[in-house]
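Okay, so we've got the same protein chain twice, two forms, each given alone as structure tokens, structure 1 and structure 2.
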Structure 1
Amino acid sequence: MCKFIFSLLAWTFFWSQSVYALEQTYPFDDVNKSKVFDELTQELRCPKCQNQNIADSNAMVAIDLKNKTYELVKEGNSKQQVVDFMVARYGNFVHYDPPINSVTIWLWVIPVMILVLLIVVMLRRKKEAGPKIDDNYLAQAEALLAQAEQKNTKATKQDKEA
């Protein structure tokens, strides 16, 4: 049992060392550049992965993006310059906050249009679903009710006479 626990601990130690070896570090001389790099890796989206930023993704393209971001930030490019470079290279998909233009405006307009359309449809259905009583049907119902009352009164008179 002791051998098993010892081998398990040894395996865990060596495995954890390999995980540290895979983690890449991006050293900066300036703290502000390190902060900009961290913000950019959180804001830039991995082109390959579903909804992951390049800081969290381990895809090769995300690693390439991290390396290029590191290179650009280390050269002294501003945050916007790095974003512009990435957008020019990979398109608006690479940034989580795409600019509003003739294509992306539909992402905002279509849900509002659908909401307005649903409200209009609901209001019309509610208005149409209200009780509609035609005057002819109302007159027929009153006539039937009067006939039924007359039959009842005749039946009660006959019962009393009998």
Structure 2
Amino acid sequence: MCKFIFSLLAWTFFWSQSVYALEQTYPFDDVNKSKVFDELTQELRCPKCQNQNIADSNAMVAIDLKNKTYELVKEGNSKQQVVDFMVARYGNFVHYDPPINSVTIWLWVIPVMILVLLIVVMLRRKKEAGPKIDDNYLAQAEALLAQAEQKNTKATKQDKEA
């Protein structure tokens, strides 16, 4: 528990440090614009270092994109306008939230298709799985079991008496 609290504190500390650093380099008069800028730098993907957003990256192109984002937000462009600006130059790749089109639609459709397929297969299996039980056989088996038990109890009684 102590460890958990400590790591939580450490995480909060470092996170606030990075936000603070960004605010110092890119100052805004308007709180809303500052918020838009923070969101954008989190959502825009660095085209050079592909597994980082531009807030986290110090690649030259990421710095250029950050500066451009700052400039555009400061001029009063909306979030969508900035995203469109970047997508026009670097393609959908640059935004972590790609639009749904003929290529990306499969990312949504395939998992649903697999899920449906699995459910169908499972339901079919269940129907087929239950073995057909003959009632006569069952009665016979139960009778045999009862007999065996009787013998058993008798045997143990005799053992005790002996």
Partner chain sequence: MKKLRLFIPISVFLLTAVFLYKGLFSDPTDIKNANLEREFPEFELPNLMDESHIYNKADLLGEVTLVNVWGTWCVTCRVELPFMTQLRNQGVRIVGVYYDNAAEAAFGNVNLAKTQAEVEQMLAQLGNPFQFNIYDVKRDLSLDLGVTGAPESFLIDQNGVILAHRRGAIDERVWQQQFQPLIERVQ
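Start at 1 and count along the sequence of structure 1; that gives the residue numbers used here. In this text, rigid core is short for the largest set of C-alphas that superpose within 1.5 Å between two forms. Quick caveat: nothing in here was measured; it's all calculated off a predicted structure.
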Looking at the two shown chains, say which is the form predicted together with its partner chain. 2
P99: CA shift of at least 2 Å between the two structures after core fit? no
Threshold 2 Å Cα movement between the two structures for M60, core superposed: no
Taking the rigid core as reference, does the Cα of V31 move 2 Å or more between the two structures? no
By how many angstrom is the CA atom of T153 displaced between the two structures after fitting on the core? 35.9
After superposition on the rigid core, what is the displacement of the C-alpha atom of V112 between the two structures, in Å? 5.9
